[in-house]
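First comes one chain, alone, set out as structure tokens in the form predicted alone.
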Amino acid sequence: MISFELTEEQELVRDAMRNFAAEAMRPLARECDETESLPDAFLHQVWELGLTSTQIPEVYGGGGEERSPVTNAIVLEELAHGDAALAIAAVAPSLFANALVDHGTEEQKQAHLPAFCGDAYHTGSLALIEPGALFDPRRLRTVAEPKGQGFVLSGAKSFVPLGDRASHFLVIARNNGDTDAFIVPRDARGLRISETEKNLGLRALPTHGLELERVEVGPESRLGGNDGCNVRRLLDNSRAALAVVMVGLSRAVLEYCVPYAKDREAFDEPIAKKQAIAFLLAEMHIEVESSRWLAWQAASHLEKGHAVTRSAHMAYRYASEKSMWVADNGVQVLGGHGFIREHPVELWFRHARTLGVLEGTVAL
């Protein structure tokens, strides 16, 4: 028998994250978007939740809890319900740290993981996306050329989250026809970090471009050492996480529009009683639920160690399309108010548009 019921622990975690998102994220979201800034106080507040450190093995200073992708999906949806940009900022350290836990050598784990377990905020960042509308993760233009025992990295990256704060970057590059990940310190010679990018949505999340001009790294920088790592698995994790973010975003739109439609009157009755609006809200609800089941399926495959590329891709592509559809119709439900900053729907619309095109027009 298949059950979608949450465990008692998952319900407790969900409720805690829902309260945090409502009290610490939603009230902050508009100001952060307007000022295009991410307060250090918020990052430290998130750090105290232990989203990253609790899932790092005790031997490296972490809490040693077994990582559950399904529970993490539940957590991330609630954070994204508060605000998608702040949610990505909150989990960015985990994406870097989890890659080390899953694929790093013992030396790499000892060198980098303890920093994610201290009291002070610490983060690394994933550098995957490359400039250009036709970006394809299967055909990266960033290359790693062998040089002696090490490598020389050349290329450019864009939309690197928290590039202004990251101590290291996990740079994805082509290496002799294959794909590898390299741990690159921010002070590496030949690495240039751009000013904060100007984006349509997710403006509270500082993203930066990287230019790698023959950046030399040692053999210890290759994630996984001589054997390399399963980069496809890293991409699957990223896509599954982005799908969950878009589920939380879509749910936020729906849960804002329903009470609005009940309160907003036209021709002496709430617009929610209009058949066109009622049917539209019902369809929005269906798409939110459908996106969640696909995202949970990908998370379940990750948790069980199954092949997940197909399910992660399906979850990401479906959620990216439907979150944009939900946000667009959310604007329509609000009518003229949908474009006014007094309501958050226009903010969520911009978030959805940005999240849906992060991998360009090709993503397989």
Partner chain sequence: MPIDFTLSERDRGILQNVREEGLICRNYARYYDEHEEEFAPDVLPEAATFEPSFDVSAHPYDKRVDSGLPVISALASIGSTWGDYSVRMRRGGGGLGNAALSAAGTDEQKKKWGGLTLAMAITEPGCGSDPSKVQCTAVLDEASDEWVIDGEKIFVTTGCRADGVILWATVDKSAGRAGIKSFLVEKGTPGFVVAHKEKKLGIRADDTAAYVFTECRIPRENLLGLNEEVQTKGSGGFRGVMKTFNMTRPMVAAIGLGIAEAALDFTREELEKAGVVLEYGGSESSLSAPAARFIRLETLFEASKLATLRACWLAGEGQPNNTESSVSKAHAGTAVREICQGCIEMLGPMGISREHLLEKWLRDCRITDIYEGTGQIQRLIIARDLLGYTRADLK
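Not measured: the values here are computed from a predicted model. Numbering follows the first chain given and starts at 1.
Heads up, the form predicted in complex with the partner chain isn't pictured, but that's what we're talking about next.
With the partner omitted here, the residue from Val91, Val101, Leu191, Ala272 that has a non-hydrogen atom within 4.5 angstroms of the partner chain in the predicted complex is Ala272.
For the candidate set Tyr121, Phe151, Phe135, Tyr256, a heavy atom within 4.5 Å of the partner chain in the predicted complex is found for exactly one residue, namely Phe135. Taking the partner from elsewhere, every residue among His306, Met314 and Glu321 has a non-hydrogen atom within 4.5 angstroms of the partner chain in the predicted complex. Looking at 272 to 280, 181 to 189, 201 to 209, 81 to 89, the stretch with residues near the partner chain in the predicted complex, meaning non-hydrogen atoms within 4.5 angstroms, turns out to be 272 to 280. In the predicted complex, at least one heavy atom of Gln10 sits within 4.5 Å of the partner chain. In the predicted complex, at least one heavy atom of Arg239 sits within 4.5 Å of the partner chain. Taking the partner from the other structure, the partner chain in the predicted complex has a heavy atom within 4.5 Å of a heavy atom of Val70. The shortest heavy atom separation between Arg214 and the partner chain in the predicted complex exceeds 4.5 Å.
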